[in-house]
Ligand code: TYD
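Shown here is one chain on its own, the form predicted alone, set out as structure tokens.
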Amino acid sequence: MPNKFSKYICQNCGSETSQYFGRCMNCKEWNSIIEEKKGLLSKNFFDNENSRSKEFKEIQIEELTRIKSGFKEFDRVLGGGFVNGSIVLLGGEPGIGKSTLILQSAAKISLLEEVLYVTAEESLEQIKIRWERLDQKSSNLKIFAENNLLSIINEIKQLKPKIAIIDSIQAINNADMESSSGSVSQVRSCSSELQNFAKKHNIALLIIGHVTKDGSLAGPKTLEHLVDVVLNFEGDHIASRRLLRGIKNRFGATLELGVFEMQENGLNEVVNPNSSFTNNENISGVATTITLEGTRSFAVDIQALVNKSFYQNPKRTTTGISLNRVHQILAVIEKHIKIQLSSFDCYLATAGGFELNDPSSDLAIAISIVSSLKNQIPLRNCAFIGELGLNGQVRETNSIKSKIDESIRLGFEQIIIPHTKDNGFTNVQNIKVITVKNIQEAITLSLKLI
């Protein structure tokens, strides 16, 4: 019998139901639904006379003041630094370096501003060990080991820091709730209370969050909607390179990218990120594209290996590239270049594991595949830009001008782009611009095939 004073929430996806089910109807997870008591409206809920609607002419816009993080790459992703009263959520896999990045940033900020670092997962001694390894200097940095929400809020209220850091939100516990730490209700409740307090007292709040096994931020999706900025810290545990990616930003551009490198003394900024994703190799199976991440252009090598398959179903493996996108490109090549790839294994990877989301990389992917198959070296010192249509056409893409400028800065001698009505692109100095209309023309020019 459903209880009118209870609601049932899935701890995996956060969906709510009016009664208990053994399996969540939304995410199909078993035994993930727990009962929670419904909150009642306070007696003062309808008595708030201070809140009223306003016209645009009545709204006064205050100038945003930002707190520099101490890292130029971090500030780039944030849009210039932390905004007073903003809530920033940083996610990433365990051991990727989230706490290291934030502890280093907290040390740099503390040289000018008061900073409180709340560690809910580690003791003060564990933090001190990492601190000595990082060899940082600080002035106004306070460390507080606590996981009780009320104690944390009281400490923030007493210190009144410019920025407070919570590591991590899944370990914070609200004693007024019956559920355990890390549950959907606890994460939602603690985040909401911290947000209200930070907004009211104009304190910048940085929250570190865990990610699930599929790479998404753990906890309810409302957590991402609750905060102002969502950042993802990603990279390979084996490689030293780390990428800080902006997923959401109310105070700057989204999908901005910052590049760091993990070393013995902590994380260091990468001054020239393009050197991390391209080696200017002039060999078969490698083509370079210029991709846009936020407002920043990157040159990325795409590597392909096409080999005769010994299985009935050929293998298709990708790293840093969408597998569905590769399947479409392979179909376009088979249809319009008349090359049968159904009996070949195809392995594709980006240099450094860079995650390609820009569709203008389609042309470079196609060039690398055919280059590997034919064992033919593509045009020397050339970048390839263009989105492939299903009918074989090379479609125009956004930000062609900035990608050409980046190619010139990196020293490329030529660049292949989609045919465009703007003749200004073909008259650029310091680089030879070649325009193509379809995949046949692009393959012929790039690989000198007849």
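All residue numbers are counted from 1 along the displayed sequence. Fair warning: this is a prediction, and the values are worked out from it, not measured in the lab.
The same protein has a further form, the form predicted together with ligand TYD, not shown here; the description that follows concerns it.
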Whether R241, A351 and G353 jointly form a contact site for ligand TYD in the predicted complex is the question; each needs a heavy atom within 4.5 Å.
no
Location of ligand TYD contact in the predicted complex, chosen stretch of 188-196, 288-296, 342-350, 88-96 [non-hydrogen atom, 4.5 Å]
88-96
The listed residue (N265, T317, N307, N324) that reaches within 4.5 Å of ligand TYD in the predicted complex by any heavy atom is N265
Would you kindly say which of K248, H201, K108, H210 lies with a heavy atom within 4.5 Å of ligand TYD in the predicted complex?
H210
Is there a non-hydrogen atom of K142 within 4.5 angstroms of a non-hydrogen atom of ligand TYD in the predicted complex?
no
Find out whether any non-hydrogen atom of L159 is located within 4.5 angstroms of ligand TYD in the predicted complex, and reply yes or no.
no
Tell me, yes or no, whether L134 is in contact with ligand TYD in the predicted complex, where a contact means a heavy atom of each within 4.5 Å.
yes
Would N357 count as a contact of ligand TYD in the predicted complex, using a 4.5 angstroms cut-off between non-hydrogen atoms?
no
